[in-house]
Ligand SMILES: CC(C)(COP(=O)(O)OP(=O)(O)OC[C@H]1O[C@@H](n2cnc3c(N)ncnc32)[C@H](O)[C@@H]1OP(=O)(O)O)[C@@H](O)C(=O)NCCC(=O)NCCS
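First comes one chain, alone, set out as structure tokens in the form predicted alone.
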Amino acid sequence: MIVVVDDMMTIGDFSSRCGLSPKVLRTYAEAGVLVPALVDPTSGYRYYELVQIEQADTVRLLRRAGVGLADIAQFLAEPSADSVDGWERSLTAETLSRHQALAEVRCRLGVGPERTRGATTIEVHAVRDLGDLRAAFDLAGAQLPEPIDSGDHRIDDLVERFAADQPLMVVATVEGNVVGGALGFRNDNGTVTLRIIGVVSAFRHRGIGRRLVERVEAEARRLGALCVALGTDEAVGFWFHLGYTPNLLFQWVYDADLYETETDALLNGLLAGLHFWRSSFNGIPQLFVELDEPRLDLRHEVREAVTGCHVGFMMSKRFTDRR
């Protein structure tokens, strides 16, 4: 079999041109990164194309940034600025966390400036533009149990209302780096929906989440909103301690035909005597049931009793007695 290698480089020549040793090139090839353009089936010699020199330089830079080979392989197949942005955010949070840890160790040794876990200067302010909004959504969305990013449809309301509701879309920064975000918008009925909130793991338990919520609440009051509300099955205790009222929210997204039957059964059974109101969202029938405290046991019981709807918590804080 004749192998054509014109305009190609041996692994030795390619190594000299790109600055990566033959051993490293073989390791990368095994990981699916910088795979030779041609391997002679008889001799096993590896050959590379000229265009792969630029790829090799990209790989070298990404490895310097600490990016894993599997992620690099995917990036080379589908280059994306979003991937670079994500790596940079992760790197920033990790670096800040390491600096904070070292500062605390110095404090324990009695050297360097005194600095405690909560002493880092935290600033909370509105996002500046749509680019900041999308970046904040990505950061907050990455903290969810099932991560989402700004490609998700749930950012649409935020983008649509950005010009009018920018003050309700806030971020927390530490030394100029965004470490958390809370993004909300006004509805026509005078309420504010807090669409998403999140703080990167390295900066949790420092009061950042509380400060973000307090800023959104303050802006909501200033804009004349009646209440702030959000749907969540996570951290209901956090919201309850911030003064939010827990409501069980039933949405008949699985089988709307069961709405009347299952609602009657619930209100005459497990939910008897509780304050409730009916509603709809985009044509989906809903039932809200007000609770005095987060009842995880009750949520479990009603989930077992219904089949046509999704059941979760909707937390809300009213600023007036008006309903």
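Note that this is a predicted model, so its numbers are computed, not measured. One-based numbering along the sequence shown.
What comes next is about the form predicted together with the ligand, which does not appear here.
S.K.: Please check if Trp239 has a heavy atom lying within 4.5 Å of any heavy atom of the ligand in the predicted complex.
M.R.: Judged by the heavy-atom cut-off of 4.5 Å, Trp239 is in contact with the ligand in the predicted complex.
S.K.: Considering non-hydrogen atoms and a 4.5 Å limit, does the ligand approach Leu223 in the predicted complex?
M.R.: No, Leu223 stays farther than 4.5 Å from the ligand in the predicted complex.
S.K.: Since only the chain is shown here, I'm wondering whether Leu144 would be in contact with the ligand in the predicted complex (any heavy atom pair within 4.5 Å).
M.R.: Because a heavy atom of Leu144 falls inside 4.5 Å of the ligand in the predicted complex, the answer is yes.
S.K.: How about Arg89: is it within 4.5 Å of the ligand in the predicted complex, going by heavy atoms?
M.R.: Answer no; every heavy atom of Arg89 is more than 4.5 Å from the ligand in the predicted complex.
S.K.: Name the stretch: of 230 to 238, 215 to 223, 80 to 88, 168 to 176, exactly one has residues whose heavy atoms fall within 4.5 Å of the ligand in the predicted complex.
M.R.: So the stretch in question is 230 to 238.
S.K.: Which pick from Ile72, Leu158, Leu249, Val199 sits with a heavy atom within 4.5 Å of the ligand in the predicted complex?
M.R.: By the 4.5 Å heavy-atom cutoff, the listed residue in contact is Val199.
S.K.: Quick one: which residues from 205 to 222 get a non-hydrogen atom within 4.5 Å of the ligand in the predicted complex?
M.R.: Contacts from 205 to 222: His205, Arg206, Gly207, Ile208, Gly209, Arg210.
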